[in-house]
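Next up is one chain by itself, shown in structure tokens, the form predicted on its own.
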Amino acid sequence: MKRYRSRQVWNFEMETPVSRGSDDVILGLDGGAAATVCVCISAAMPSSGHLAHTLPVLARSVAGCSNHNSVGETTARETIEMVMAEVLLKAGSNRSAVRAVCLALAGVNHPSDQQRILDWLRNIFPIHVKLFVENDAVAALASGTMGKLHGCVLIAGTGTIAYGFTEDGREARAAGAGPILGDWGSGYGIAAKALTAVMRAHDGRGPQTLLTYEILSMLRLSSPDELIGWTYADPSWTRIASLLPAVVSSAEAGDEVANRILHDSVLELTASVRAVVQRLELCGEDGKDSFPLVMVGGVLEANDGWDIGKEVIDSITKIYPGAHPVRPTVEPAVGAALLAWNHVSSELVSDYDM
């Protein structure tokens, strides 16, 4: 993606005249540790009962990490602004046509985070644009419920978080505090444990493991000693998490150490969901009430062999038989756009009925 300075990113608007009211659009953005995705959808959408089949996504744009805890506030804002500008350019639109924006960002953990980003956004968009900022888990939940905030979402990618909402608006979360504070069911957490196991095996503090061969082969290194330089040359969360396939393949081959790491990750992820469900009483008094359990992230993707997502689902449904697993058919960025659309849908409908 081209790098711009200051507001030069919006220079294209001088060549894209769009009057407000014609071809109104909504922006939804999902910003995580691995990537930032922004979609532009039409504001003229049907009632929510038909959304699954008629989502009018006009354009999509992708950039790098926008978690301010990972890359810093300045880089995160540059990434967000560039990806929003690019998606409007692709859609043949501009800021005057935007009715609402929802940013769903990893690292938004406190109302002060939300307010700081809202203040910054207010300086980018015209005054008529409605602005919303949420944690990225909220958009992930919305992607599985087509915009309705009810149930629990489990995200397990580079990082992990469980987040839930009741129908009356109460919310709760578990995990999501980053690798230093123990997101051990995440891709980073699994891979970090695997690296530790390799080093322990190498110096005699732990059992020998197939992880040594799999990880060294994947990285084209000749000795575990070289892992030290590789790790600290760039200890970014995403780079470490990319070793997850080596852990899965080792476990599928029967390696005891790798299997223990993956079993532990299932326990961690299950515990996160359980904490949210219990705090919000999503399962009802008898533990059997139905609620959606939205599953998002590369760690939870279906696998023919060692399927972490399936193991988590099996574990959760044994405890809460009313949990209804959902694999979203739209990405979290679309979930963010649906959240924005739901916030302004009443005024949009009245506008288009005039």
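Residue numbers run from 1 along the displayed sequence. What you are looking at is a predicted structure, and each value in this text was computed from that prediction instead of being measured.
Missing here is the form predicted together with a further copy of the same chain; even so, the following discussion is about that form.
*Asks:* Given that a further copy of the same chain is not shown alongside this chain, does Pro207 nevertheless sit within 4.5 Å of it in the model of the complex, heavy atom to heavy atom?
*Replies:* Result no; Pro207 lies far from a further copy of the same chain in the model of the complex.
*Asks:* With the partner left out of view, is Leu219 within 4.5 angstroms of a further copy of the same chain in the model of the complex by any non-hydrogen atom?
*Replies:* Outside the cut-off, so no.
*Asks:* So in the model of the complex, does any heavy atom of Ile240 sit within 4.5 Å of a further copy of the same chain?
*Replies:* The answer is yes: Ile240 has a heavy atom within 4.5 Å of a further copy of the same chain.
*Asks:* Against a further copy of the same chain in the model of the complex, would Pro245 count as a contact residue? Criterion: heavy atoms within 4.5 Å.
*Replies:* Pro245: no, not in contact with a further copy of the same chain in the model of the complex.
*Asks:* Tell me the stretch among 141 to 149, 268 to 276, 248 to 256, 78 to 86 that has any heavy atom within 4.5 angstroms of a further copy of the same chain in the model of the complex.
*Replies:* Selected stretch: 268 to 276.
*Asks:* Which one of Arg260, Lys130, Arg200, Lys90 is close to a further copy of the same chain in the model of the complex, taking close to mean a heavy atom within 4.5 Å?
*Replies:* The residue from Arg260, Lys130, Arg200, Lys90 that makes the contact is Arg200.
*Asks:* Which of these residues, Glu73, Glu171, Glu281, Glu226, gets a heavy atom within 4.5 Å of a further copy of the same chain in the model of the complex?
*Replies:* So the residue touching a further copy of the same chain in the model of the complex, by this definition, is Glu226.
*Asks:* Determine the residues of 64 to 103 with a heavy atom within 4.5 Å of a further copy of the same chain in the model of the complex and present them in sequence order; the list may be empty.
*Replies:* Only a single residue, Asn69, comes within 4.5 Å of the partner.
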